[in-house]
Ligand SMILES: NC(=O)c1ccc[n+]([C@@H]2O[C@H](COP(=O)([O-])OP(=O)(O)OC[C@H]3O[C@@H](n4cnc5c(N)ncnc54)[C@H](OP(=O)(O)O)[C@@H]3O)[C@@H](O)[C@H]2O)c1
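Below you'll find only one chain, the form predicted alone, shown as structure tokens.
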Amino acid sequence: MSSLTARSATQALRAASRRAPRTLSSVSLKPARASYSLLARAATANPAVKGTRGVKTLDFAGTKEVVYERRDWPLAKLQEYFKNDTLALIGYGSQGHGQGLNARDNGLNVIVGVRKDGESWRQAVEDGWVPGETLFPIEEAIGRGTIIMNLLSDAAQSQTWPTVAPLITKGKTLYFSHGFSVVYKEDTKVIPPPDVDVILVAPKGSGRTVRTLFKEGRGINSSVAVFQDVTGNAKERAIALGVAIGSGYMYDTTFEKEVYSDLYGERGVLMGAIQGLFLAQYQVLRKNGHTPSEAFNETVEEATQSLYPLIGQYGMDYMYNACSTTARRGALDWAPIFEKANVPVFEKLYESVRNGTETRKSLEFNGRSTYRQDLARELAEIDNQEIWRAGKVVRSLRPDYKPE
């Protein structure tokens, strides 16, 4: 993998998640049976998953919140609701790929709009989108669509908005999966027309995960928000679209809260902090004479393969109880120390998100003409760090290993 560029890695992921067949017409792509996943139809016949839950209010650690579950939108109801709509999906990156294929599999009328004959166009064709039928240049797709799903990158949304904005005419719905462009309008210049509904469905994961969980019959969790409700139906439409693109359940947010939490989380424990913590622990172990294999196993392998899955499935307290008494005692003692040391860092990070510093950095970098080369260089630096080179060998020793 060390020789792969970011682009080739993305293409490898896309190929792995691509559905077949690729050459069916837009009509034949609709599912033959009512199911949220072409690969999980059998699960719908399981008595254990019967029943309608729909909207409910739950107590989250003392705070009451409303959640929306997809069982309130069976496939027949979903397809009837959108029978007169055309979802024009603009952009075919990670989220565009996952959301578009899921909505298509759910039997909705979906078209894709990307730059003609570009890389995204080629990838869309490989995924079964047909030029002139379900695949169009951006401007034509927007003209044909009733629900405009702007899933271009944040920088591309800003760059293309002068062209896109006049095409978002009265009666259409403008859909985002990130509050970035609208919330930071002073920097992006993305100001929605005043006479259209503006909604958000933000899956809490990558587009690859959106697609994978859908194919498994599970569904990702997503947040939903309304920025502008002209018709009075914006919230209902956002929830229905959340189900259409593969959400298992959804919770309320606002455009502002979504983008603040998203940028903050990505730079924090989801990606930025975890890389920093892994690397710091690994380096100290290596400086004290531990081998690369031992340092990696004690830093990454045990965390991702043994302990973190327990947290995800059962919670932190369960993971603590599943460990030895010595490990538990040390973790309980050191957790408050790490918390105290990191709170100032996280406070600084949140303020950097809120005041737009992170936005301006992102727009500047992602808007460069050399963006792909600059990104590939930075990712190669991580790929070439000893910790991750050692990790490739450790992973190859797993009994379920498959060559990368």
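Throughout, we count residues from 1 along the sequence that is shown. All of these numbers come straight from a predicted model, not from anything done at the bench.
Just so you know, the form predicted together with the ligand exists too; it's not on screen, but the next bit is about it.
Asks: Please identify the residue among 109, 153, 299, 223 with any heavy atom within 4.5 Å of the ligand in the predicted bound form.
Replies: Among 109, 153, 299, 223, a heavy atom within 4.5 Å of the ligand in the predicted bound form occurs only for 153.
Asks: Within 4.5 Å of the ligand in the predicted bound form, heavy atoms considered, which of 93, 74, 137, 265?
Replies: Of the candidates 93, 74, 137, 265, 93 is the one lying within 4.5 Å of the ligand in the predicted bound form.
Asks: Going by heavy atoms within 4.5 Å, which of 157-165, 313-321, 299-307, 277-285 lines up against the ligand in the predicted bound form?
Replies: Result for this chain: 157-165.
Asks: For the spot marked by 131, 172 and 244, is every residue within 4.5 Å of the ligand in the predicted bound form through some heavy atom?
Replies: No, the whole trio is out of contact, none within 4.5 Å by any heavy atom.
Asks: Any chance residue 192 has a heavy atom within 4.5 Å of the ligand in the predicted bound form?
Replies: Looking in the predicted bound form, residue contacts with the ligand do not include residue 192, since no heavy atom lies within 4.5 Å.
Asks: Should residue 115 be classed as touching the ligand in the predicted bound form when contacts are defined as heavy atoms within 4.5 Å?
Replies: The answer is yes: residue 115 has a heavy atom within 4.5 Å of the ligand.
Asks: Within a 4.5 Å heavy atom cut-off, is residue 203 in contact with the ligand in the predicted bound form?
Replies: Residue 203: yes, in contact with the ligand in the predicted bound form.
Asks: My question is simply whether residue 120 lines the interface with the ligand in the predicted bound form - judged by any non-hydrogen atom within 4.5 Å.
Replies: Heavy-atom contact with the ligand at 4.5 Å: present for residue 120.
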